[in-house]
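First, one chain by itself in structure tokens, the form predicted on its own.
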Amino acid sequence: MAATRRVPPGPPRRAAPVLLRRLVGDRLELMRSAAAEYGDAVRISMGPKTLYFFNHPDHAKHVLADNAANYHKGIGLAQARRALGNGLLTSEGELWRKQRRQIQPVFQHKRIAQQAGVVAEEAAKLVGRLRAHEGGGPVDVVGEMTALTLGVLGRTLLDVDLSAFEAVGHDFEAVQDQAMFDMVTMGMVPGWVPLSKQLRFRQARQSLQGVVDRLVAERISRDGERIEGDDALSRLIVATRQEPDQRVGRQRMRDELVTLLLAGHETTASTLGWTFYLADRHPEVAERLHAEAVEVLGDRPPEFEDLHRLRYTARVVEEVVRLYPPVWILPRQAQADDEVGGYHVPAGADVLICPYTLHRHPRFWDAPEQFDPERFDPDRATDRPRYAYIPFGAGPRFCVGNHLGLLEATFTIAMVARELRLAKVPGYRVVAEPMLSLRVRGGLPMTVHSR
């Protein structure tokens, strides 16, 4: 007689309609309430889908690292492939390994260090744009951070100035909206249904293909047929030329560039938005950021070596991405039967690891809802498990651009805090919106004040 396999607890099947409404309307609360009510392992039945939600560092380690080969990208990201194609975020197997090998050199430590000056220049432009609003009406800080991050990624990763492509931000927004729509509807709404969201997406996808074609044409015009640059665009042009079918190569170029830019600029822009919101709510933090920037930088732009001197700023960033991790959920699908935390996971099961809830787990974090950068002080001893904190994922699919993102966030926060104070518009309600990244819903209007 076969041994009984343990099944995680969870809400009854009759609760599926309520759970589906929460999946569409309040995904964060769905995950938080499930963990609070049922514990570290939860089985959630939603119509044809059964989700296995694991919320313990040991579970995250097993799924994302120890047995990562058994877990492919799961619910949501698989459906988002319709919007994002087969870029690095959604691809699997040998294609993913090939893409990762091609892009990895762009993010090597030495190359990122050489880009520090570019990051400082773009941050200085941001300070100038913000200063133009001093004493006037509010400015959307998230929008400004998005412009900053697109500028940085264009220059550091592609060796192009993306400011010439004014509509690209709106196109990315339409792609992300479609990707999230496909996620929450589990891909069950056909692409031909003429919803306004889907029509905008089709237009955006066509527009982004035009942007990619233009970038490629301009690079070939600049460098000739012998392209030897070390940036991502040059590498992709060389790699996609090897495709026997030019149409496949063209689509692959679009998929990889769109994924690279969307994932890269969106996550850092969201982190910066949350940082200035939290600094405004905690004036003592804002004052310490200002004091450190003045002490370390004086009146000069930051250099790469300053990254290790801006210690308090780095702790603030670490705490921001604890509370609002840019990668808020990591969906996977089991390829073969497995056991996680003593519970059976059948082949084909949809598995969720949620950094948002893991980072607020009361067993591993003191006062988990409190914003406290000092919890990351190296002198503050803790026996917290390594996988209790995974803001950039973990295992083989650990975020390839995390070092550039941290450099960008640290420099930008220091340069803004040195010269300006940003204050949220009174009465404006800030709400977390879990899209591909965990962003501020509807933007973040703030007024600008000189130091």
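One-based numbering along the sequence shown. These figures come from a predicted structure and were not determined experimentally.
Not on display, but discussed next: the form predicted together with a small molecule.
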**Asked** Any chance Thr268 has a heavy atom within 4.5 Å of the small molecule in the predicted bound form?
**Response** yes
Proximity of Arg397 to the small molecule in the predicted bound form, heavy atoms at 4.5 Å
yes
- Does Gly393 reach the small molecule in the predicted bound form if we count a contact as any heavy atom within 4.5 Å? yes
>> So, Ala41 and the small molecule: in the predicted bound form, are they within 4.5 Å at any heavy atom pair?
In response: no
Per contact check vs the small molecule in the predicted bound form (non-hydrogen atom within 4.5 angstroms), the hit among 305-313, 202-210, 87-95, 124-132 is 87-95
Picking from Ala349, Leu148, Val327, Ile75, the single residue whose non-hydrogen atoms come within 4.5 angstroms of the small molecule in the predicted bound form is Val327
Answer key, the small molecule contact in the predicted bound form at 4.5 Å (heavy atoms) among Ala174, Met183, Leu157, Val142: the residue is Leu157
Worksheet item: Looking at the small molecule in the predicted bound form, is some heavy atom of each of Arg27, Pro57 and Pro434 within 4.5 Å of it?
Response: no
